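Coming up, as structure tokens: structure 1 and structure 2, two forms of one and the same protein chain.
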Structure 1
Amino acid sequence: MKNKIVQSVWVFGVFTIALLNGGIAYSAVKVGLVLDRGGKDDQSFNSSAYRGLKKAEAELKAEVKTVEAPDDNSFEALQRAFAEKKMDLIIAVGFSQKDAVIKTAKRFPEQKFVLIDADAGLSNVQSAMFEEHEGSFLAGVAAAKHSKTKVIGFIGGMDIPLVKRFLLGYESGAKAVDPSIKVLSNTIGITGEAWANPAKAKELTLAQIQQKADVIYHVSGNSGSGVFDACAQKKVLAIGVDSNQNRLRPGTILTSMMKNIDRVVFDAIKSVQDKKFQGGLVRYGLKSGGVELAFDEHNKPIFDTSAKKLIEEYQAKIIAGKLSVPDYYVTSKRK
């Protein structure tokens, strides 16, 4: 009768699922998710994390709580509130939460944390970092192969190294296809407001389209809706980010460079349940399936089959170590 749930009981106020699976009994894992200002409905970074949480709730029976930070100054208080409630795992979404996670994790050394998109450098924090430049290289290949004007664009959120990492990968992929291609780039701002300013994103996108950009990649969180609006209005192609955004504007969104944050969140929660959680830095790239381009029924009609074949070839080379994608984190240190 292995793998069969045989009883559910309350033990010291904690709901326990006793499983006949090697004699191991699992308590429901209590998880607190701290989202940044984009919120769970941003159709991007936060939405992906929230999907992973809800999957863990459904499949692992985890007890989950979600809070959305109204501003960057509230991160520490929200994390601390979860720690004081002795949650089994606290997940902080976004590099902006790094300083707050470091402070809270040091104050609660027995507490387990996951920090997404930054390295806390602490043993009780699993720092999940993505190889955005690898996926962005493939996005650049897709853009170059579909551009008729040989001018493509990039709209970033904040003017920070992370966004520049996306941009350098994108430029490198495009120029691998066509060294003469022109890449226009703009960022929306220098504060967290940049991730939630679709009006400004639309304005910048329209300006790039006026300069003949006909494929535009956004890395701007919730501001990306403004990019999609402008591209749909002017009938040019857009590339989404973080989540699979193809369905948001079928016929307009060429593909999406996904960071599979939902998978990271789910796996982290399961590792706590299985008592296998490990702190430290973990990297997710093309090889591990941490980043990838989205192909589905929504973009199939507009995606050139020869472009997809070329992307697969480049992806295989990157995974095999035969092609090294320029990394802004590395190149910026050399200057």
Structure 2
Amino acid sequence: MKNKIVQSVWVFGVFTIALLNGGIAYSAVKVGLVLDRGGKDDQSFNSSAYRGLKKAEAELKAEVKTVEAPDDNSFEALQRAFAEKKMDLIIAVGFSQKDAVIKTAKRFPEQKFVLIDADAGLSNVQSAMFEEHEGSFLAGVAAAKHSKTKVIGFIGGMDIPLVKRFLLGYESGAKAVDPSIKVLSNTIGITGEAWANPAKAKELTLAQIQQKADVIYHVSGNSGSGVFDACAQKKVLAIGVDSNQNRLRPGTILTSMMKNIDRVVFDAIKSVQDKKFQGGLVRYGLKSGGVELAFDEHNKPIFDTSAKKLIEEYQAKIIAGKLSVPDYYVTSKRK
């Protein structure tokens, strides 16, 4: 009920904007960004995409519009409103927009889309997928190098393929350094609430620390603050995810496995401007800078220099294609 009202207000707003702007002719690239529920200040996915958009607005002089979807049912209406306005590019953030993008992109085959974090399988949609396993591999190397107990931990939001992809990469990175290392892993829940349950994440982390884990990697969205709390309390290390979380707890957060969505958004807008837009599946891994470990002044004092060197070696090997990190999306299908 409440959602319906909010939704209609949004849709109405978008249409109004569309009408107001209808009469003016643009030469700049027109970009519409559809964010998911997190909104542009979620300090993760959406804010990263928004940063990329703002950068494009400033540097490429792109004409940008942003809408935040109040719930998962409004994606299609918001995307369609942009498509009817004949935007040059519509960017949809988050795997939850996949179905809506497929529908809208089929209805507007001339319209260019970027879908972040899912594969729409259409030629007018650039499906930007991140190679989380590659970044997680490096996180695993970092964890193994900093663990004194030879036990490391992993806290995932839900037991879903995406999280398993992180876990498999992390495990293989750690085992590449030391095959005898033990990796503990827990997931928080089975519903969307798992990503916003720091109290439970903290208990799970404390239990892992009890079992001697001394570096813990979280892939649990907003629940991650509970992981950081537990690690800070017990003086062990944590690894952040998605955006650079190092500054949240200097001294506790060893590094963060970043997904550089801002870069992807910016590059996509630039490609449209340069008339080099590429549809279909595009993978952003270590090579293209889509994923990387965060190094800044906050983790410099705690990050071992020899570990950093080793990470750079592995990174070079992965980029050169000499080392392939097992990808859960591939290995799970082979079974």
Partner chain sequence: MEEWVFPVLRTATPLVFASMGGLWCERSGVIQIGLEGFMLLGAFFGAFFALALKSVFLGFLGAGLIGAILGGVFGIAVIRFRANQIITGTAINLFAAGLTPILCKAVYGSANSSARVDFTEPLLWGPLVAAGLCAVVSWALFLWTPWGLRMRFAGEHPEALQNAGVSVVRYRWMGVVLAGVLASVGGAMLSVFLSSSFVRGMSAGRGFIALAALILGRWNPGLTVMGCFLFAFTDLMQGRLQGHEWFGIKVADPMVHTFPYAVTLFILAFVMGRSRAPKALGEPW
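Just so we're on the same page, residue numbers count up from 1 along structure 1's sequence. Take the two forms, find the largest set of C-alpha atoms that superpose within 1.5 Å, and that set is the rigid core. Everything numeric in this text was worked out from a predicted model, so none of it was measured.
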Q. Which of these two chains, shown alone, is the form predicted together with the partner chain?
A. 2
Q: Identify whether residue 289 and residue 167 share a rigid part, assuming the chain moves as two rigid bodies between structures 1 and 2.
A: yes
Q.
Degrees only, no decimals: how far does the smaller rigid part twist against the larger one between structures 1 and 2?
A. 15
(Q) Fitting the two forms on their rigid core, what distance in Å separates the Cα positions of residue 270 between structures 1 and 2? (A) 4.8
Q | Backbone CA shift between structures 1 and 2, residue 101, after core fitting (angstrom) | A | 3.6
